[in-house]
Structure formats: structure tokens, C-alpha cells
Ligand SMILES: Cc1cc2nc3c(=O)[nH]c(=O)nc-3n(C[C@H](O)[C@H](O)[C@H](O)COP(=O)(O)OP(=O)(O)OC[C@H]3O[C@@H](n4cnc5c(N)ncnc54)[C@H](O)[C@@H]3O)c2cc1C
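The chain below stands alone, shown as C-alpha cells; this is the form predicted on its own.
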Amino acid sequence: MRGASAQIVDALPQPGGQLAALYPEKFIFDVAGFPKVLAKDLVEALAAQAGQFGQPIHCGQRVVALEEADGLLTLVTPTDRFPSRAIIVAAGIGAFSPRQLPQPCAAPWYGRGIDPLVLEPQAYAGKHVVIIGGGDSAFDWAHQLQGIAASIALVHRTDRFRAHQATVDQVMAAAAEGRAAVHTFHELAEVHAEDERIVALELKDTKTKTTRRVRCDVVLPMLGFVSDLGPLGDWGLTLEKDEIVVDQTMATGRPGLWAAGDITTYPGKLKLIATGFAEASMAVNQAVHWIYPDKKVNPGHSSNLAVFGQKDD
């Protein structure tokens, strides 16, 4: 809207951050203008809103360094370089990746039947799905995939869960009715395959040390995520508990660098999507003014912007 070119560099394989990767099927109730909205639908709407300006989004690009020379800041990834006059860090909790199953038998099957991220629920239509984990993501998918997958089995090493009780109750009710299976005090022991595809898992009872074979086409390991600030600690920023300290303009203290969203901290900070939107707006307009000092920090109202074909009343 400010007439500056822009691009997004993201470590994840798709835009949307935690909304897309952690809870795409959950409703969000505190985004202005939506009585309720699925996280994945909010991401889709945001992508469409940004997409009308034709600026690129580079996914699967993990930033490993920041270089500065001749007035340009350059983000460096293992495969590319992204020079810019200004950078806004909106990295959430950092670059995060799913925790992997600890059993050696699982490693060869990642991407070939073990899916650490659920990107499209309909991809599991008619399949026998085994979910490993006891947190919100495990129970959310155990509930959401009912009626889509041919069968659902949830496996957890104890009978104590870290998920919301209402979702636990829904999954347990489905298990009682035969619409799902819940195997507590079990863990993965072996992967059985035929013709280079998973056909079953062998589960070990952690109490009796006995095993059982469970039919399986796809494994969803929901063991949480490991977050990593990566090179941010070397950028000359002030960090408090892995968060970037910013002032009221979202400035980090390093010229040309702003931050917004969960990655930031300041007195009175609220970690909500609503405040993230506001912080991003402040950071963007400060960055535009930094690049083009003749442009005001305040852009005016979008209903009056020429970029949309509007005229000042």
C-alpha cells in the first residue's frame, strides 16, 4: 500500500506460521471482523489480501545469516540471498521444526509414510492413520480426521495427556463407540512395510513389554516442536528470554531493522494476533519512512489510497 517493494522469506514449506503448521483446523475467535474463523482459512484470506500486490513469498528458506554492506541488509539462506533496504523480523517463536520420533526404525520413513505436518486433511481420506503423541495436536487430529480416515489410532506412552480436556473427551468417546482406538502406555517398536510402503506398526506395551500389531498407512508423529532463533543472536539485537526488545515504533535499535509479533517484547506486550497486526503496521510504515524520508510515517486511511483507485474526499 505504501508503494514499496516487499518480499517474505520463511523457513516453513507454506505461509502461515503457527496457524498453518500447528493448528490449521482450530477456530480462532478474537480476530476482528470474524465471529470465528478456522486458522487455515485466516491464512488463506491473509495470503489473498497480500497477493493482490504481486509481491513474492519465498518458502522453505531458513535464514542463516544477515550481512550488511553499502547500505543494504542481505538475508542469507543456504541457497539464496535477499538484499533489502529494511528488514522486519516477524519470526514468531523462531524457526521451528517438528520433534522427530526417537526410534531408529522411523527415520527412513519420513516423507514416505511418516508426516510430521498435516497440510491437507483430505490427503488421509480412506487411509489407516496412527497418531503418536498426547498433546493438543495429537488429539486435535485424532478428532478432526474422524470421518475422513478409514481408521484412527492414537498412541501415547502414558495415560496422562497435555491436551484440552474437551478434545480428550471427544476422542475417548469415539474410542468407546469403536470409531477410534487409543493405546496408552505404548510406543513405537517397529515399522512393517510391503512394496516400499508402510502397512503396519508394531507397538510395545511399556508396562508388560508385550507387543501388538496395528494396521497403518500413515504415521502422524505429534510430539511438539523445537524452536530455534538461529542467527538472530548474532545480529546485534537486545534479546530477553529469546525475544527481541523493541521500542514503541517496533525499532530494534539496529538501523534498518524492525520486528513485530510474538518475537518482540516491550512493557505491556500482549501476544495476540490482533496486536501482531498492529505491530506489523507500525513496523512497515516506519521502514517505508526510513527508506523514503519524504514519505510520511502515517499512510492515511486505505479507503483513500490511490493504489486502490480511491480519491481523497
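Quick note: we count residues from 1 along the sequence shown, nothing fancier. Remember, predicted model here, so these are calculated numbers, not experimental data.
One more form of this protein should be noted, the form predicted together with the named molecule, which is absent from this view; the next part is about it.
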query: Output flag, Ala106, Leu117 and Glu187 jointly within 4.5 Å of the named molecule in the model of the complex, heavy atom basis; finding: no
query: Which of 281 to 289, 249 to 257, 265 to 273, 48 to 56 sits within 4.5 Å of the named molecule in the model of the complex, heavy atom basis; finding: 265 to 273
query: Listed residue that, although the named molecule is not shown, lies within 4.5 Å of it in the model of the complex (heavy atoms), from Ala86, Leu203, Ala95, Cys216; finding: Ala95
query: Listed residue (Ala91, Leu73, Val191, Ala163) with a non-hydrogen atom within 4.5 angstroms of the named molecule in the model of the complex; finding: Ala91
query: Asp30: touches the named molecule in the model of the complex, heavy atom cutoff 4.5 angstroms; finding: yes
query: The named molecule contact in the model of the complex: Asn304, any heavy atom under 4.5 Å; finding: no
query: 4.5 Å heavy atom contact, Leu66 and the named molecule in the model of the complex; finding: no
query: 4.5 angstroms heavy atom contact with the named molecule in the model of the complex for Pro121; finding: no
query: Residues in 215 to 237 with any heavy atom within 4.5 Å of the named molecule in the model of the complex; finding: Pro231
